[in-house]
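Only one chain is shown below, in structure tokens, and it's the form predicted alone.
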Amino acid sequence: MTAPTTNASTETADLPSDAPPIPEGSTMVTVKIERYNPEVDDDLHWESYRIPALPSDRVLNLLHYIKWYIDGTLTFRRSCAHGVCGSDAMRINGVNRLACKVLMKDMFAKKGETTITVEPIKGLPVEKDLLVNMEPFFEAYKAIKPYLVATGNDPTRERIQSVAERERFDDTTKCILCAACTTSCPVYWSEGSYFGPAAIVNAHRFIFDSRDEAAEERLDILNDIDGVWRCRTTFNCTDACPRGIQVTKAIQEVKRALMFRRR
């Protein structure tokens, strides 16, 4: 990979000489990325790259292009690239999204040149570039006991559940733990001890599961000072969820369960 040249007037990296041919039908866009290398940087800073993009490209494709052909030091998470693993949550144009699900045809400016900003999700420590430390997020997730709790002898057959009983918590089974909802929450940004929407959503999934026997225990956990009562109902979490989960509604249902201690 040949080192890219930099346009001094715009501080935007140009394409290196060994970059692949620009695809027919592509549009040149500027991708502005908030970068941080703990070995050399004191703080986060912006770097821009002008690259070709097709309408069918996703933002993740653009990040791959930059990493593979312009700057191999760019660091970010990704795995399945199909919106299932939840690895590539980041702030795209100021909104939490999965980079693999954002199509460029929806991002092109109607007039003038397109500029896309990409930042790490907020509220979690930045390790490098778009890579954040997910440990605080998963600690909150583990604290709500995200697994089925059932006592007594092991059943000799599956635990039967009606369609209505399943529908009671079906929405919250869709969570892929991408942290997009939690890191879109202003309360989580300012008060890092808050459990956050994702942990509450996963607690909801078991609190309202007719097969589970630890609903009261989870409700006690979420009744803590860092639990559901920190939610201010801003709906950022619902807007950010790439799976379409009604996150705010689930949080309100857990609040009602606490108030009335019934399902």
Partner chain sequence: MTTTEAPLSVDKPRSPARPAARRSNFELYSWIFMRLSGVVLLFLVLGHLLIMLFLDGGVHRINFAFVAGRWASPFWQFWDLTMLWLAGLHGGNGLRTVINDYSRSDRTRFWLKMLLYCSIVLTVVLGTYVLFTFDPNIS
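Positions refer to the first chain, counted from 1. Predicted, not measured: the structure shown is a model, and the values here were computed from it.
What comes next is about the form predicted in complex with its partner chain, which is not displayed.
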property	result
Distance check, H45 to its partner chain in the predicted bound form, heavy atom within 4.5 Å	no
Exercise: D220 in contact with its partner chain in the predicted bound form, heavy atom 4.5 Å	yes
Any non-hydrogen atom of A143 within 4.5 angstroms of its partner chain in the predicted bound form	yes
D212: touches its partner chain in the predicted bound form, heavy atom cutoff 4.5 angstroms	no
Option from 51 to 59, 37 to 45, 65 to 73, 234 to 242 whose residues, in the predicted bound form, bring a heavy atom within 4.5 Å of its partner chain	37 to 45
Neighbours of its partner chain in the predicted bound form among 226 to 247 [non-hydrogen atom within 4.5 angstroms]	D226, W229, R230, R232
